[in-house]
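In the form predicted alone, a lone chain appears below as structure tokens.
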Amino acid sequence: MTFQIDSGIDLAGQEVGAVNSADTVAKSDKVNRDDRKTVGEINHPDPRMTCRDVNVWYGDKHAIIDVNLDIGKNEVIAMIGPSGCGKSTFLRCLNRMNDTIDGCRVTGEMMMDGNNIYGKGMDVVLLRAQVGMVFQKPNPFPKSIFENVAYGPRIHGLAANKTDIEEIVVTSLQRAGLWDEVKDYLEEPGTGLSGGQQQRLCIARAIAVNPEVVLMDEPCSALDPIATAKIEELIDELREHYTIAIVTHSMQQAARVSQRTAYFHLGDLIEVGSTDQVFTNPKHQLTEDYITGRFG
């Protein structure tokens, strides 16, 4: 999918002419920069997760401010915005990774399958199996390729015997698009793979425990264009089985892989809508300023 913005660059990465002014909201119709109330449709008709009045503090720093957002089933939602805007902080709220940060405090309601993931009695280990995460830098365990993928199912008791474990490993590597490349080297260390292969191994590891949601925090930022293209193809395929939320600094990538886009600015969720609408017809002036390169 290719969208054009008036900076003269299309979101597939090709130079283009300026988009016709009829394709964008008139300046006077846009929400002005000082109005930080979220514009667009925060609700999803078939949500996997619902987030209401979410606030995050790091000590005295208010990093996320009253964010409301649904994350739909079998969709890819991209979270974009300038550095320090809160998008990664919000992503980490979705599986309580912020619990590991001293001085971090989260308030609000984040629901999945009818349960508040910040409620009393929530099993955080189980939550992180249901909401897996792939980080910016590939981080395979110092184990074999096979054991990297088998580790999660073993500790969560998802396999009764060796045959079950082998089936999970093979299926996960196939879904991660890595099986054909490593099937003859399963006992080799995962750390010996290329960067792009390591990242796909980490994705296989995440999906091996059969999560509902997969979070990706700039998963391609350390990869070359060829490896990035493979990860993006994989994201599109995985959407059939999982809900995916991805943080990315690349607007081209957001346009290629996502169906919905959420734009963050200084802790506020400024705008959310279909990726097509956000990039070609933004409703908020801050969104337009960012996607046209005026700041960020």
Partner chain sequence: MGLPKYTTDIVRAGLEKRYKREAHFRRLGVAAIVAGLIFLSILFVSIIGNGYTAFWQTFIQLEVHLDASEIDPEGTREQNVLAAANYGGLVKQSLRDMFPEVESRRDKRKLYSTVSSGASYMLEDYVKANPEQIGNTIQFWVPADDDIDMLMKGHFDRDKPESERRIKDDQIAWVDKLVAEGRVESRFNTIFFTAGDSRDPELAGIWGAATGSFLTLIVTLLLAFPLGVATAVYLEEFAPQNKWTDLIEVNINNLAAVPSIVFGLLGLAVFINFIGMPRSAPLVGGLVLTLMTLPTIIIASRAALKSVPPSIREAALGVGASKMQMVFHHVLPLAMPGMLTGTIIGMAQALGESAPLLMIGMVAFIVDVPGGVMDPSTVLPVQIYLWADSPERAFVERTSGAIMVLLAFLITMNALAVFLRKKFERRW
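Note that the structure is predicted; figures quoted are calculated from it, not measured. Residue numbers count along the first chain shown, from 1.
What comes next is about the form predicted in complex with its partner chain, which does not appear here.
Student: Can you pick out, from 114, 157, 225, 119, the residue that has a heavy atom within 4.5 Å of its partner chain in the predicted complex?
Tutor: None of the other options qualify; the answer is 157.
Student: Can you pick out, from 107, 194, 221, 130, the residue that has a heavy atom within 4.5 Å of its partner chain in the predicted complex?
Tutor: Of the listed residues, the single hit is 130.
Student: At the 4.5 Å heavy atom threshold, is residue 180 in contact with its partner chain in the predicted complex?
Tutor: Contact check for residue 180: no, nothing within 4.5 Å of its partner chain in the predicted complex.
Student: Looking at the partner-bound form in the predicted complex, is residue 74 within 4.5 Å of its partner chain by any heavy atom?
Tutor: No, residue 74 stays farther than 4.5 Å from its partner chain in the predicted complex.
Student: Does its partner chain get within 4.5 angstroms of any non-hydrogen atom of residue 184 in the predicted complex?
Tutor: Residue 184: no, not in contact with its partner chain in the predicted complex.
Student: I'd like to check something about residue 208: if you look in the predicted complex, is any of its heavy atoms closer than or equal to 4.5 Å to a heavy atom of its partner chain?
Tutor: Yes, residue 208 lies within 4.5 Å of its partner chain in the predicted complex.
Student: Spell it out for me: taking its partner chain in the predicted complex, does every residue among 171, 175 and 212 have a heavy atom no farther than 4.5 Å from it?
Tutor: Every listed residue reaches its partner chain in the predicted complex, so yes.
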